[in-house]
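Encoded as structure tokens, the following chain is the form predicted on its own, with no partner shown.
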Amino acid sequence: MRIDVVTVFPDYLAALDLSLIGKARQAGLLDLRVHDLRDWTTDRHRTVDDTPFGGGAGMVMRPDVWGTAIDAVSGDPGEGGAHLVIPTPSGEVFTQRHAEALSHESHLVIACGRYEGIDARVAEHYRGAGTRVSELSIGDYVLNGGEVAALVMIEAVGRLLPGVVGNPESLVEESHGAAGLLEYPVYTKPPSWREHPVPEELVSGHHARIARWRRDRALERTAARREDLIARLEVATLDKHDLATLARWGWSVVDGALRRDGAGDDRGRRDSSARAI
């Protein structure tokens, strides 16, 4: 995969030389290039922004500068060309599903806006020209620019590329994976720390007990923290033990879907409080 990042602060992306993403770059698994938007300006002040039409506070990034930059790094538009990603707080919320979809692309261009954002005609133009454009937000808050969001997206996408994560099995059961649940709690040595022992199921050596414990804890953790994920679970994927665990948190099957009635919530929280959810 090739990823081109365009920004007015290239040094902000220096973290991409670290950890697994940095190793992937060195190994040739990821062709990651960071560009300074000001390299495509034409005036001596290297201007990338101007005042907004209609008035208001702040400055807006110019479409002419962005268009020249994106053309230069994108290659041919249309099918088979680059996928343009614009981090913006007004975009669709970036999820693991987006990361998975983007990991199958061959070329991403990430346009990091600043100030009041990039002139809206940039996204409109490239969509109209046949380029795939995704305007994405990493959460319901506002940052000073798109660089932090770009770091998040590149790491989320890059770790899914073949060979980037040493053990691909570690991607299977993690939070927001195919199971639709948050990951269960994890433990390591020593077996007892400050009077907190590792749950006995995990040291039992009984694979079925371990699997059941992990599944129950994942269900409980998700019920406690992300009710929206529980509501989206397919009932057909749940066994009787799953349903019993969810029932303690007030979830039951109504008309073929999970519904929360509130019953059992306090009981579920009390029962799970000792499990380090």
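Just so you know, these numbers come straight off a predicted model, no measurement behind them. Residue indices: 1-based, along the sequence shown.
Although it is not shown, the form predicted in complex with a small molecule is what the next lines describe.
Problem - Option from 143-151, 100-108, 124-132, 192-200 whose residues, in the predicted bound form, bring a heavy atom within 4.5 Å of the small molecule - result: Going by heavy atoms within 4.5 Å, the stretch is 143-151.
Handout entry: Among the candidates 156, 179, 82, 138, the residue which, in the predicted bound form, approaches the small molecule to within 4.5 Å (heavy atoms)
Key = If I apply the 4.5 Å criterion carefully, the residue I get is 138.
Exercise for the section: Report the residue, out of 163, 75, 185, 89, that has at least one non-hydrogen atom within 4.5 angstroms of the small molecule in the predicted bound form. Expected result: Only one option qualifies, and that one is 89.
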